[in-house]
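The chain below stands alone and is given as structure tokens, in the form predicted alone.
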Amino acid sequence: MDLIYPYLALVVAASVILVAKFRTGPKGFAEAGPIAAVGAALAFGLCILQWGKAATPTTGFHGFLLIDRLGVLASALACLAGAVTAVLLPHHLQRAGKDRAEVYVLLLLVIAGMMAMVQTDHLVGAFVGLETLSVGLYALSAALRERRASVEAGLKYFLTGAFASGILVFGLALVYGAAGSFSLPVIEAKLVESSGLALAGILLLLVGFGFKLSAVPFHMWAPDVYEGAPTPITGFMSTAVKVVAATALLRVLDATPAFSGQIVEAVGWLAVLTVTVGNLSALAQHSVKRMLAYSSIGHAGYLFLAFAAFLATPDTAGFSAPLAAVMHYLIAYTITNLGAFAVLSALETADGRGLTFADLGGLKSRSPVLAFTLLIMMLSLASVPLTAGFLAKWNVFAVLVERARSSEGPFFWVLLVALILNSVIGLAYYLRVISAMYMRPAPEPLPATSPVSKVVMAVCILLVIAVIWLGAGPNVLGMGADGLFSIARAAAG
């Protein structure tokens, strides 16, 4: 029964919001945001409480639900991202005059879909979770439906997402045809030898999950959708969706070791293409939000670099260092990107016009807290030492070095060079943000922004503390620079 407690917290919070909305009628329901935040935070806490029990994987609902540490960690990150988003949304939507209770209901149901997607080793269960979160995100992207950009974002996400789902279903059908089952343990036991049918299915699954991770060449939807969607929702999509898609893909790759040698180079070159296109495109942007969208694509490339090492590295006593590097990267990236989009959400004007680098001029004087928050988040995304982002990328670098030394041929050395060169490119455009805030004068006239609530300021401060603490802080309650990787190692074990 305790397997469903996190889901129950989300469903109860969504039900309370719906009932209250029905009773208040068209005049609105101002408490919807706080209730959603409490529901997501409670689900996060319940996931943390499952961590100890998840050391021994347990199943429920006829094998459709699996509770292990990998799924619990991914679920906790999705709930954390949802809680932060629910805190940021009221300020953002009220400023636009469009604070609707149904937005928070959709957000909670999306989180439930994300949890269902990662807490299963059954491909049909994962697909049901994927579609649950996708349908909700299509609507959330168009939440500000009076704005053309928001409606276009929702429609574009829907059309491309439906196409990607079709490819994913085709891949599921091929894998089922080869293995006779949708259960990953059964698939692993039966697909001990490579076959053309199964290989085609796995490649199609890679395409489907690659779309959710915005990997090149399946990335064209991301910049427009990220730019048009409400900024807190953009932050949620760029973090939580990557967490659950990467976790689900890891489960599939882990269950098909017979095909690892055949797809490792495809994944590696996909990583090089993704990280290069993402970073070079980000370098050419004038909109900060669009720059972060391409940055998100680049960071998906770093994840795929770790995926390549994961495919090429045999497990050692049930532990995979590349898998731990992936989970470590996802934790650091989630916290960092949430902080960056929290600042953008707070600074946006009521008309929804996207911020340019010039709009950040003089921010150090206008809002020192927001400027310092964005500074730390940019340093972490650029992988500067003493931040969580540095340690996360260092671990990806370490597993690539290990693989390059132990394998024949230049392939992994090429991946290492791609990581290093693109990290330098990334540093360039992240420094543009810092330069704009601290070295440029304030624009004239100043953008007409609304006062930032104390709650949003508190969230920004907490995220800054988390990024620094997880990058350089001592271990307290199992957390800190070393403790964070220990958690990732436990999930990978």
Partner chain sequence: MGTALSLIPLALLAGAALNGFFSLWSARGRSVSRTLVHVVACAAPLFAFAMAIQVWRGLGEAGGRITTQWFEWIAVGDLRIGLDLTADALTCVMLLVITGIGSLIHIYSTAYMHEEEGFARYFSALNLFTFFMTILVLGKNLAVLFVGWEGVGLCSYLLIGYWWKDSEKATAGMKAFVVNRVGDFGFLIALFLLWRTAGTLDFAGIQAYATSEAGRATLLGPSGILGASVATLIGLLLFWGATGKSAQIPLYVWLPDAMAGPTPVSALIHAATMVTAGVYMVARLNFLYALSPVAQGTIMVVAGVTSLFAGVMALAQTDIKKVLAYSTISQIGYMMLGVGTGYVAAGMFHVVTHAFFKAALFLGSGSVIHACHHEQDMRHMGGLRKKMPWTCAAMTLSAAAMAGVPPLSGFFSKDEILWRAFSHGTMAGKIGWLCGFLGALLTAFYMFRLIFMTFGGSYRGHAHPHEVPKPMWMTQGALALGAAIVGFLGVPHILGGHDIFGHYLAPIIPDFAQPHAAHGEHAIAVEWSLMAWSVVMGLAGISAAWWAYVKKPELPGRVTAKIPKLHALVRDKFRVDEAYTATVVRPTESLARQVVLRGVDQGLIEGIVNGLGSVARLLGRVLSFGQTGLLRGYVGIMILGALLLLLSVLG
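None of the values given here were measured: they were computed from a predicted structure. Residue numbers count along the first chain shown, from 1.
Form predicted in complex with the partner chain: not shown, discussed below.
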Heavy atom within 4.5 Å of the partner chain in the predicted bound form - the one residue of 90, 71, 298, 223 that qualifies: 223
Which residue among 404, 109, 277, 252 has a heavy atom within 4.5 angstroms of the partner chain in the predicted bound form? 277
When the partner chain is placed as it is in the predicted bound form, which of 236-244, 305-313, 263-271, 112-120 ends up with heavy atoms within 4.5 Å of it? 263-271
Check 51, 54 and 422: does every one of them have a heavy atom within 4.5 Å of the partner chain in the predicted bound form? no
Is residue 218 one of the residues lying within 4.5 Å of the partner chain in the predicted bound form, judged by heavy atom distances? yes
Can you tell me whether residue 211 touches the partner chain? I mean in the predicted bound form, with a 4.5 angstroms heavy atom cut-off. yes
Heavy atom of residue 385 within 4.5 Å of the partner chain in the predicted bound form: yes
Residue 435: touches the partner chain in the predicted bound form, heavy atom cutoff 4.5 angstroms: yes
Under the 4.5 Å heavy atom criterion, name the residues of 152-166 that approach the partner chain in the predicted bound form, in sequence order. 156, 159, 160, 163, 164
